[in-house]
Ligand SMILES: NC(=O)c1ccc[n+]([C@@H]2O[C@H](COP(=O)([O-])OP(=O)(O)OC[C@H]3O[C@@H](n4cnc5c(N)ncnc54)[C@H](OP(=O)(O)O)[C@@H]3O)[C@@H](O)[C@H]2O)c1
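Presented below, as structure tokens, is a lone chain in the form predicted alone.
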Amino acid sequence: MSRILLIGATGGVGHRLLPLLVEAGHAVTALHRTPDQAEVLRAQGAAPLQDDLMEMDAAAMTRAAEGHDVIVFSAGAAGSGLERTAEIDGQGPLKVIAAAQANGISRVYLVSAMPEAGRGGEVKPKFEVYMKTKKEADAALAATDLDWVILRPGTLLHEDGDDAVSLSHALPYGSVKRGNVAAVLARLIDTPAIRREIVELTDGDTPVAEAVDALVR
């Protein structure tokens, strides 16, 4: 059993990941922004922790991470503005890195994005900033000596998982159900032999357990 700090616990991936982690026997602290979310998270088996990624500094993140073995960052600004993109998608992972290093936490899981996202269509400056920010966060985490895993899903679909994915170090661009992202994350967390890897994910034909286990070197 691991003690997991889940950042983005109420998001499209996070709220699907949380019950999987609890079911697997992990103790989960769920970071949330508004008071009304606490009771729902508690009912799901998590310990709610209220704070706002827009306001937390590295010291606050370090305090939040105390006593944990694993940090999962699945939060995102979701197109809510450049300021939020910079703070959540950009600074958020940097604060997690600082918190992990300060607390001696080696295992960090970051949900990112496939670099091909949005290509072939109209170039939108705000989206380009978003992609640049995501890549910079990936690079910052990959430069550490932590046991990180960066998961790059394709276009996220508002659907539960169906246990059928494609998972590899490089994939053709495609879409993926948020439930499948959550299932892959849960399996990765339960497979600590997979470390210091960047992997891409879309919907496909392979069961999640088989796809993740194939990454073990």
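Numbers follow the displayed sequence, beginning with 1. Predicted model only: the values in this text are computed from it and were never measured.
Unshown form predicted together with this ligand; subsequent notes refer to it.
- Are 18, 29 and 207 jointly within 4.5 Å of this ligand in the predicted bound form, each by at least one heavy atom? Contact check failed for every one of 18, 29 and 207.
- One stretch from 186-194, 62-70, 31-39, 160-168 that, in the predicted bound form, holds residues within 4.5 Å of this ligand by heavy atom: Stretch with heavy atoms near the partner: 31-39.
- Do residue 154 and this ligand come within 4.5 Å of each other in the predicted bound form, heavy atoms counted? Yes.
- Query: Is residue 108 a contact residue for this ligand in the predicted bound form, using a 4.5 Å heavy atom cut-off?
  - Reply: Heavy-atom contact with this ligand at 4.5 Å: absent for residue 108.
- Answer with yes or no whether residue 178 is in contact with this ligand in the predicted bound form, where contact means some heavy atom within 4.5 Å. Yes.
- Item | Exercise: residue 84 in contact with this ligand in the predicted bound form, heavy atom 4.5 Å | Taking the distances in the predicted bound form, the answer for residue 84 is yes, it comes within 4.5 Å of this ligand.
- Item | Any residue of 87-102 that, in the predicted bound form, places a heavy atom within 4.5 Å of this ligand | The stretch touches the partner through 88, 89.
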